[in-house]
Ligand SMILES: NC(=O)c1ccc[n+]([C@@H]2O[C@H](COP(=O)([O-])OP(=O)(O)OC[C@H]3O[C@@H](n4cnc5c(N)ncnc54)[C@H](O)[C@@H]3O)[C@@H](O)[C@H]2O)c1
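Presented as structure tokens, the chain that follows is alone, the form predicted on its own.
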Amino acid sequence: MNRRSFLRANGIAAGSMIAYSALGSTASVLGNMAKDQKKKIRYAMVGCGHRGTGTWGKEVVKGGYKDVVEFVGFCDTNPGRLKFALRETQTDCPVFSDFDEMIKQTRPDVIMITTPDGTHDHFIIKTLEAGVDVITEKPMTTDENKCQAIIDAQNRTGRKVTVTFNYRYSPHRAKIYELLRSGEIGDITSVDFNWYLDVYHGADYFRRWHGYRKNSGSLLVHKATHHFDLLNWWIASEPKEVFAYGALEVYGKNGPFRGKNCRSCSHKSDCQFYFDVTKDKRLMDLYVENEHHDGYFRDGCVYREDIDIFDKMAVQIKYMNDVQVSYSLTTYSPYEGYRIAFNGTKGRLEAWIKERQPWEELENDDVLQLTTSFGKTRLIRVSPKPGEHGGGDPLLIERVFKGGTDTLRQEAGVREGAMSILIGIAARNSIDTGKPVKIESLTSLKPKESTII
């Protein structure tokens, strides 16, 4: 048995018995706390935008967690969004524009961070230093220096961090993890992974704050952190070296015309990317009604000349266990979804997951195809569950607030959060310099050959 086979075989047994997170996760901590019905989790949130007020606000209330969760404070720089958050969550907890004041007055057990990505490090570190545990939306942060500061703060304070990688929880992605651990295709040797964002969802990133590196770190960090985390989890190793290409060729300065935002634009009838935000009541109530407070337009022009992120990206990743990955992200595809194939020493596991397409799709299930070398092909059908991100969001929320056995190693902490963004950061740096980037050169974390113990 070679080394990779040994690590995989022993990892199956270990993974079925214990939960693992290299630098710790608050999910199990909160789950244990929730078992004591006499004490609710004192829960505060900073960042009251779409994701915060929805997934981590309204959905927590709808999901029946009011018996274990008590909202004790909301913080945002926009007073209109704070009022919206109170309505969405049906609560009357205090609201704050000053984060330090919220911590001081509310004394939370945990703080949920759903602010723009470039500010995550600021709030994570302040929370940890206040002796409070953190739940943060992905990506954990946007560059290597901020990542190192979070690692140092977590080591210094001993507090816990959960990074909410909801894609790990969707049923078909969990099934992929199980099939890879089963050994049916042998040791993984390489992966082909192509992600397609369509001209509606993909364009939306260029309308909003994500269009600037200082806010999102580029889509190699904001969006692809989902995908890189899945790779790290599925492959059960950590990245060693990255090389990438990228460019901005459709959005931004490439546009034939531009305006400030869609509602005020004189090119509405000519622009295929015209977005009528007035048709979405939630976005109107949350953003448009409150844009006079801070000047933020939810329907910003996708052709703004100062957009500085890429809209096409191709990344080569070499893992510590010698797995090679070819990854691409396209943001202007006519359909949305992804294709992935795992090549192994005994076969191949692949899938084409269609999330939205301009044709009628008769197949409701997600279909995985497993083909063994010199053998047969079988199809594995996985029925999606209700909820965002392939049904992952409700399962993630349940794990965070009610705990449970982590047999699939879905919980993620600082190390997992770091290893996902460091691939995107390395890719961005590689595009800028034209050189490959070693992951160990970015922070004090040294990549591991196997993440299963």
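Residues carry their position along the shown sequence, with the first being 1. Here the structure is a predicted model, which means the values were calculated and not measured.
What comes next is about the form predicted in complex with the named molecule, which does not appear here.
*Wondering, does G49 line up within 4.5 Å of the named molecule in the model of the complex on heavy atoms?*
The answer is yes: G49 has a heavy atom within 4.5 Å of the named molecule.
*asked:* in the model of the complex, is there a heavy atom of the named molecule that lies within 4.5 Å of any heavy atom of H389, even though the partner is absent here?
replied: Judged by the heavy-atom cut-off of 4.5 Å, H389 is in contact with the named molecule in the model of the complex.
*Applying a 4.5 Å heavy atom distance criterion, does T77 contact the named molecule in the model of the complex?*
Because a heavy atom of T77 falls inside 4.5 Å of the named molecule in the model of the complex, the answer is yes.
*Would H227 count as touching the named molecule in the model of the complex under a 4.5 Å heavy atom rule?*
Heavy-atom contact with the named molecule at 4.5 Å: absent for H227.
_Contact stretch among 347-355, 372-380, 149-157, 133-141 - heavy atom within 4.5 Å of the named molecule in the model of the complex_ = Selected stretch: 133-141.
*Name the residue from N166, N321, S328, S333 that puts a heavy atom within 4.5 Å of the named molecule in the model of the complex.*
Residue within 4.5 Å of the partner: N166.
*Answer with one of S218, T114, S170, T162: the residue that has a non-hydrogen atom within 4.5 Å of the named molecule in the model of the complex.*
Looking at S218, T114, S170, T162 one by one, just T114 meets the 4.5 Å heavy-atom criterion.
*Counting only non-hydrogen atoms and a 4.5 Å cut-off, give the residues of 209-240 close to the named molecule in the model of the complex.*
W209, H222, H226 sit within 4.5 Å of the partner.
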